[in-house]
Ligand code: COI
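Before any questions on binding or motion, here is one chain by itself as structure tokens, the form predicted on its own.
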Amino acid sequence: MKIYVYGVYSDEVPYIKEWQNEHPEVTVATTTELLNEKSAELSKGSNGVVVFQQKPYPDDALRQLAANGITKMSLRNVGVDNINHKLATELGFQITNVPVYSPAAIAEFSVTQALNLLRRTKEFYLKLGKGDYNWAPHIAKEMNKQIVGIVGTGNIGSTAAKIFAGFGAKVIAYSRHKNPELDGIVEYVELKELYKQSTIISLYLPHVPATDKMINRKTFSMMKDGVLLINTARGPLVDEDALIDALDTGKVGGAALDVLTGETKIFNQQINENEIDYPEFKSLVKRPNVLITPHIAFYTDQAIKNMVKMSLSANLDLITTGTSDKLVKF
């Protein structure tokens, strides 16, 4: 029995070896290459593949895998929006993801970035770089005085809500499904009311047609002046041109973006600034009140361990039983 793992990073290798030692009946082969039309041939002869990438999975790569008899595919992450669902179904793929690998990793990071915006840390770092050690005029705000709007109270959003509440903030939330674990911690409100009340808005939703550019000129107009926006979910939730305009006018007082609509152009690679063809990014990244990080909210040792071992186990389940408790239903 053989599982082939694509797009392996050095920090994943110890956990792959750990899982391999726990499952000596399985041969695990790896490559640093992402899954594409050419690399699909590398897994020929395997029973299943484990993958992880932000870039779209090419249709021809799926076709090549299927032609090689491989239709058991396990993602080491949550999102499946970069897979052609219709084609995968037609080809007979069974696909798993890791729906819960470490909610705390992303939740803690979103709170950290909210605190960084409140305390204006980037602005102070920029001042220090110029030899300016004055306090004024960059006075900060306290989290315990904020109204934090949580958009989406799934595993990550609920964890973040508890952390924000722990700092003494008032936490309100909008979600299609209320989490009873948050009783006494958050107040559920309609989305328009959340926009109206919040001084900080933090997003925890998947990218689907209904959430595409849900943060836009119309929704910005509903928000308080100087609102802070945190997005550790998916880049396309935010209309970046509208965000730039809102920053220019002061409607948005600051933004922390761990995800961007065009992030695959720049994230997770070494790139010269002159080579970047992404005007929205260039406008955002230079601002003292905008924090951009390269999709690292998930990136902790515990999260990586869970992503690797859970995805390998799910792939093994698909191979040996034909199903998995992590099976994605398109």
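Computed from a predicted model, the values in this text were never measured in an experiment. Don't overthink the numbering: it's just position in the shown sequence, from 1.
The same protein also exists as the form predicted together with the named molecule; that form is not shown, yet it is the one meant from here on.
Engineer: Looking at 210-218, 196-204, 147-155, 74-82, which one sits within 4.5 Å of the named molecule in the predicted complex if you count heavy atoms only?
Structural biologist: Partner-contacting stretch among the options: 74-82.
Engineer: Consider residue 298 of the chain shown here, and say whether it contacts the named molecule in the predicted complex, taking contact as heavy atoms within 4.5 Å.
Structural biologist: Yes.
Engineer: Quick check on residue 54: any heavy atom within 4.5 Å of the named molecule in the predicted complex?
Structural biologist: Output for residue 54 is yes: heavy atoms within 4.5 Å of the named molecule.
Engineer: Just checking whether residue 101 would be counted as a contact of the named molecule in the predicted complex - the rule being heavy atoms within 4.5 angstroms.
Structural biologist: Answer yes; at least one heavy atom of residue 101 falls within 4.5 Å of the named molecule in the predicted complex.
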